Each structure stands twice: as C-alpha cells, then as structure tokens.
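Quick setup: one chain, the form predicted alone, written in structure tokens, and binding and motion questions come after.
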C-alpha cells in the first residue's frame, strides 16, 4: 500500500493565465492519477508546503491533470511563480466526488461563483462525456468583474453544445459588458427547470453558496437534491488531523461533496 503522505512527482507542463489572480496548471504525474469528478488532491511545492485543490480537468484523462488556482496565500503565491518544467508533488485523490450516476435522466442545474467554477468544470466534462444519459445541463456562473471570469473561451464553447445552457453575470460591469449585472442568484430567476426531475450543484465562496441554497429551496429543490462542494482546512486529506470537521463529518473523507440535507443541522458550514 502506498504511503498517503508521500506525494507523486509531477512535471508542470503549462501555465494558463485565466484572470489577473487565477491560473490553470497543467501537470504530468510520473504515474497515472485517476480521480472521480469532485474529489480533491493535495498539491505540494517541494520544501515549502502543500494545499488542497479540486482538479478542474476531465476525469477521463488520467495521464495529465489540470488544477486551477487562485493566488491567496503562501503556497498559491509560490505556485503562481512556477514556470513550465518545474517539479511539484501531488497526493490523492481524496474524498468523495459528485455522484454522477444519480444524475442520470435528470436536468442538472449548476451554480458557480469565481474560482468555484474549477471543480464544476471537471463535473461538466464528466457530464459532456456521457451527455446522452442526462436531460439537460444549465450552468449559472458569476464573477466579480468581466476580467475575473475564468475559462472565457470554453464558456462560449459550452453554450453552443447540445442540451446545454450557459448564463453569466458579474457583480460589476464595465464599458464593454453587455450581459447580466448582479450576484449569481439573480440568474436563477431567469432559469426554467423541471424541479421534480432535476438536481442542483453549487460551488463558490461560502456566502454565495449560502444564498444559492436559499434560492434553490425557494425554487422547490429538496435539500437532498442540492449538492455542495465544500472547502475547509483539509490538511492531511485522510481524516487524521481533524482540521476540516463539520459537525460529525470530516470534509476530506466524507466530502468534499455533500448534500445540503447532510449538513444543514450544523451551524459552522459557512464559516
């Protein structure tokens, strides 16, 4: 059995600038690292530390992995300075991902905010790989400004796919922005969904997910059909350190994907 604390060496093949403070890192591990969409990995900067991220690439691709990272701390600052050819480390995958098989035959309403679109991008790729199994995919995505929108080119491509609808909004527009202005929940008022035959998925900043859940409940979604991708201090990744506890759950082992039904009784889920 491999040591869960020992990272796999991975060569950084490419760095894609998404926004002024978000980059996508294309990594080639020295051995294949298959994962289920929604699971997370720990990425290591040798000699400095590691941090948890959810892969943003397709789970169908196992010889390479893409991870989209916002510059927000020591490790992410070092990652943003890394150049192609650098050697990093990957541990995982850890946790439980999206139960895609439970989405079959349903409409899937996906709500993302900011860099929260990263794990949702992986989910979208997983859905697109088997689109015949799903009725429809609706993506509602919000960013702070037009410059903060990630995957700009791919969003257009996704909107042109069969059985796929993409709605965008920004908190603050600029002189060129012609789309919706407002928080991402304003898009939900524009969406028509067959609620009895649909599930909802949300990922983004905690305050965004809190109000998204409230709006989804108002639309008629049951708490057991609202899926959340949670982020806490997932330091060890295997349920030993206890830093990522939410009530009786360890996010790293029992999540990071939960239904709201599982979490709603705990007070600290949005902390």
Partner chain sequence: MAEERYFISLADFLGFLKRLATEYEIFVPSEKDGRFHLGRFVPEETDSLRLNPCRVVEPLKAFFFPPREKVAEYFAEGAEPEAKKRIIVGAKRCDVAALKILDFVFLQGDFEDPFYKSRRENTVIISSDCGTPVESCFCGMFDSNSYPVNGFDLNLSEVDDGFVVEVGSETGRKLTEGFDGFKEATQQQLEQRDNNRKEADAQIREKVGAAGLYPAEKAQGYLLAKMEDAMWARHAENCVECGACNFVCPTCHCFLLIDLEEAGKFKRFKDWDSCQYPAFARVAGGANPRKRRAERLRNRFEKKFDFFPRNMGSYACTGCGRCVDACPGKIDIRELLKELAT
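Numbering follows the first chain given and starts at 1. Bear in mind that the values here come from a model prediction, so they are computed numbers and not experimental data.
The following text describes the form predicted together with the partner chain, which does not appear among the structures shown.
Is the partner chain close enough to 3, 73 and 245 in the predicted bound form that each of the three has a heavy atom within 4.5 Å of it? So, yes: the whole triplet contacts the partner chain.
Which one of these stretches, 132-140, 102-110, 84-92, 186-194, sits within 4.5 Å of the partner chain in the predicted bound form when only heavy atoms are counted? Partner-contacting stretch among the options: 84-92.
4.5 Å heavy atom contact, residue 44 to the partner chain in the predicted bound form: Residue 44 belongs to the contact set for the partner chain.
With the cut-off set at 4.5 Å between non-hydrogen atoms, does residue 33 touch the partner chain in the predicted bound form? Flag for residue 33 set to no.
Distance check, residue 67 to the partner chain in the predicted bound form, heavy atom within 4.5 Å: No - in the predicted bound form, heavy atoms of residue 67 and the partner chain never come within 4.5 Å of each other.
Spell out, yes or no, whether the shortest heavy atom distance between residue 215 and the partner chain in the predicted bound form is within 4.5 Å. No, no contact at 4.5 Å.
Between 61, 26, 238, 219, only one gets a heavy atom within 4.5 angstroms of the partner chain in the predicted bound form; which residue is that? The residue in contact is 238.
What residues, if any, in 172-210 have a non-hydrogen atom within 4.5 angstroms of the partner chain in the predicted bound form? The stretch 172-210, when checked against the partner chain in the predicted bound form, contributes no residue at the 4.5 Å heavy-atom cut-off.
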